[in-house]
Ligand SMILES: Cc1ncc(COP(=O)(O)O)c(C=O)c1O
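Consider the single chain below, provided in structure tokens and representing the form predicted alone.
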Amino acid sequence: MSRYNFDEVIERHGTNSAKWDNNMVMFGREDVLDMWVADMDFPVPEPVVRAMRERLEHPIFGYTFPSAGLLEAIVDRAKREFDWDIKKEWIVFNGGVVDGLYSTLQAFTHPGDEVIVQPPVYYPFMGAVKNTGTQILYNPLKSTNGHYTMDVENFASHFVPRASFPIRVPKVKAFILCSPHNPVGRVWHPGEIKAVADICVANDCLILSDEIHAELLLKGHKHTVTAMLSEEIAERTITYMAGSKTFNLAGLGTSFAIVQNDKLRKDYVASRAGRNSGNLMGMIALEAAYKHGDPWLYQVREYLQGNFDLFRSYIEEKMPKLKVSNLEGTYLAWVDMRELGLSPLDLQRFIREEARLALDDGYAFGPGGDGFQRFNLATPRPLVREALERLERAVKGL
């Protein structure tokens, strides 16, 4: 088995990297250390590169469709990783999870319909809701000493008549679940998901389950596939997955939805007509990763655990005013900086100009995000150490 050197710092400037080549545009200066957008600074598994090189030997790259081998690889992986029995006919390909969410909302909602999200949460969810003419209903997560849970009672309240409009029209058409949750790092327990999913089933509300980080788990945690909780939940759920986060394939623009319900799937496919014929190299990379990428994945999980352990212990020892939420899944650390006493915009300026870090500002993730910063820890450990040292110097200078 190959051993990968994730400590190696690979130069990404000059590669049209959204993460590393847009610092002046995104952050107003070039000297920031990039730990924001969620891609890894690690080389992809060798079998992925090998499969892509083999395909490049053929000089034509025309319109394409998923191979039988790719469909089998997805079915096999669902069974192997989650003990989930799916059929290849349930799989629909998208350019990305956000692309899939747009398609879903366009297919199943109308302007004025309502969609529940649970902030602080991945901010493109809010953009997808607003840009398709639907309305956001917030069900903010509850935090107790940095441990986040879903507010089931408040979730249920969105489906009952309101004092201002006692005859409740069923306007809540969809719920976007982030599982594992970005940015707070929770890996939801089965009972937590089922509590809100059952409410959706009872109210004919679609469950749009973003499970793109399902294989990026830290020690002691297990992912629950929403659609496996009951047959009734499966019939109301569209599950979004990809290899993009797991195997660092984001630039290849390939993801997929799994839709058990035949009617939902037919309408979902119709909403995508003419939009995406498939990314040839993305599909080849995904098949190779799912079939041969596990040794790399086992090593990267171990490395990410080490990065988080270093990150949390360093902050606890040297910057006690900052509080790091426990990371259960993803590689995104969520840090509470409210004790620094800075407004959201002053904190943004402090992080960029004093700490010289390029991070995701917490306020972008919606209610509950003010005063937080999100760190991408999928980067070589020397860079994690440098980021911590920059932050420590800046905090001591306040």
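If you're wondering where the values come from, they're calculated on a predicted model, not measured in any experiment. Numbering starts at 1 and follows the sequence shown.
Omitted here: the form predicted together with the named molecule. The next part is about that form.
The partner is absent here, but in the predicted complex a heavy atom of 178, alone among 178, 258, 197, 319, sits within 4.5 Å of the named molecule. With the partner removed from view, the residue among 107, 310, 156, 98 that has a non-hydrogen atom within 4.5 Å of the named molecule in the predicted complex turns out to be 98. Within 4.5 Å of the named molecule in the predicted complex, a heavy atom is found for every one of 38, 210 and 245. In the predicted complex, none of the heavy atoms of residue 118 sits within 4.5 Å of a heavy atom of the named molecule.
Among heavy atoms of residue 182, some come within 4.5 Å of the named molecule in the predicted complex. This chain is displayed without the named molecule, yet in the predicted complex the stretch 211 to 219 from 262 to 270, 185 to 193, 211 to 219, 228 to 236 comes within 4.5 Å of it by heavy atoms.
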